[in-house]
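Given as structure tokens, the chain that follows is alone and in the form predicted alone.
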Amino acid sequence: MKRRLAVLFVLIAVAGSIFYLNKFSTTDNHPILISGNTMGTSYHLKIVPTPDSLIDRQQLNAQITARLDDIDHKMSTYKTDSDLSRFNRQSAGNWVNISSETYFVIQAGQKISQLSDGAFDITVGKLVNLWGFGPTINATLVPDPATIQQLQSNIGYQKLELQEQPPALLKHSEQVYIDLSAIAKGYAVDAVTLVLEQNNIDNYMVEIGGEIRTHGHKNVNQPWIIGVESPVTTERAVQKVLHLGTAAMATSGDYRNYFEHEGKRFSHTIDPRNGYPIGHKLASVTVIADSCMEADALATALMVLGPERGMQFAEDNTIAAFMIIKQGNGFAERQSHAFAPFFQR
């Protein structure tokens, strides 16, 4: 559904020193930096050890890699033997067994679909592919309207049925194709933080593809300082600075992944309710929530809803949301009441 980017001040500050800092042992109480690639994007961790920490960096790195590989193997639309790929190949009316973990993420996605009246919808995969933003290649930039309408009318979260025991899925339309790209990365962030906590690590920042979760503090008992990226396409700049303690954050935007055709920009964020890329003035939205999985999905829902309906949805559901809205040659900012505590003081 979307690819998202959020600039992290902590990463900006240490980007040129990652290799150098990694040479320190934990006995020196220097930050431990771990990074790699997963789910078609990159990940970065910053861990602040306590004086009595006993962290085996190599072992921890192996645990994190194994955990991310397992999630990717279950929830990827690019891997042919994943839970999703097996389900997406199956015909309508047949139950497909899946892992309990994939079930958990899909169930969470369905709940947010219901809450947002379909603004968030994991069955939108074939529309994403049709517009050329998925694993398949679209030969034409702008699909035929009749094809869009036919496909859109045959998808929807209501056409997906879940069975808890044993975990299984059933589609009621051949066009249902699950894409978890707007929720799985957030879930992966949550999963990595659990690995850290199982290793008795209290102070950390985890980022996967722009989705972030922090806990505790960085150096000298200071909060984690996170920058929300400005939605300009010509440079990387910070729009707003946030102070996070223990929180999860996700950002969705239309300013990095798009194409232009005959002078019109087409965003990678597809509105499941009409089958077309969003066309409103909302450039990006950041959501802070208890879990990164929830923040990830809600950011997409708000991005689809747009600035007016999205902000009303955030206020009605006490969602901490920050919006950057296109206004003339610049941008305007709006935030929900629940977001105010996270601004820099």
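These numbers were taken from a predicted model, which means no experiment stands behind them. The first residue of the sequence shown is number 1, and the count goes up from there.
One more form of this protein exists, namely the form predicted in complex with adenosine-5'-diphosphate (ADP); it is left out here, but the text below deals with it.
Chemist: Heavy atoms within 4.5 Å of adenosine-5'-diphosphate (ADP) in the predicted bound form: which of the stretches 89-97, 193-201, 123-131, 213-221 has them?
Modeler: It is 123-131 that comes within 4.5 Å of the partner.
Chemist: Within 4.5 Å of adenosine-5'-diphosphate (ADP) in the predicted bound form, do 286, 320 and 336 each have at least one heavy atom?
Modeler: Spot residues vs adenosine-5'-diphosphate (ADP): no contact at all.
Chemist: May I ask you to check whether residue 82 falls inside a 4.5 Å heavy atom distance of adenosine-5'-diphosphate (ADP) in the predicted bound form?
Modeler: Contact with adenosine-5'-diphosphate (ADP), no.
Chemist: I'd like to know whether residue 314 contacts adenosine-5'-diphosphate (ADP) in the predicted bound form, with contact meaning heavy atoms within 4.5 angstroms.
Modeler: Looking in the predicted bound form, residue contacts with adenosine-5'-diphosphate (ADP) do not include residue 314, since no heavy atom lies within 4.5 Å.
Chemist: Within a 4.5 Å heavy atom cut-off, is residue 152 in contact with adenosine-5'-diphosphate (ADP) in the predicted bound form?
Modeler: Residue 152: no contact with adenosine-5'-diphosphate (ADP) in the predicted bound form.
Chemist: Contact with adenosine-5'-diphosphate (ADP) in the predicted bound form for residue 293, defined as at least one heavy atom pair within 4.5 Å: yes or no?
Modeler: Close contact is absent here: in the predicted bound form, residue 293 is far from adenosine-5'-diphosphate (ADP), nothing within 4.5 Å, heavy atoms only.
Chemist: Report the residue, out of 75, 226, 206, 182, that has at least one non-hydrogen atom within 4.5 angstroms of adenosine-5'-diphosphate (ADP) in the predicted bound form.
Modeler: That would be 182.
Chemist: Could you list which residues of 295-334 come within 4.5 Å of adenosine-5'-diphosphate (ADP) in the predicted bound form, counting heavy atoms only?
Modeler: Contacting residues: 296, 300, 304.
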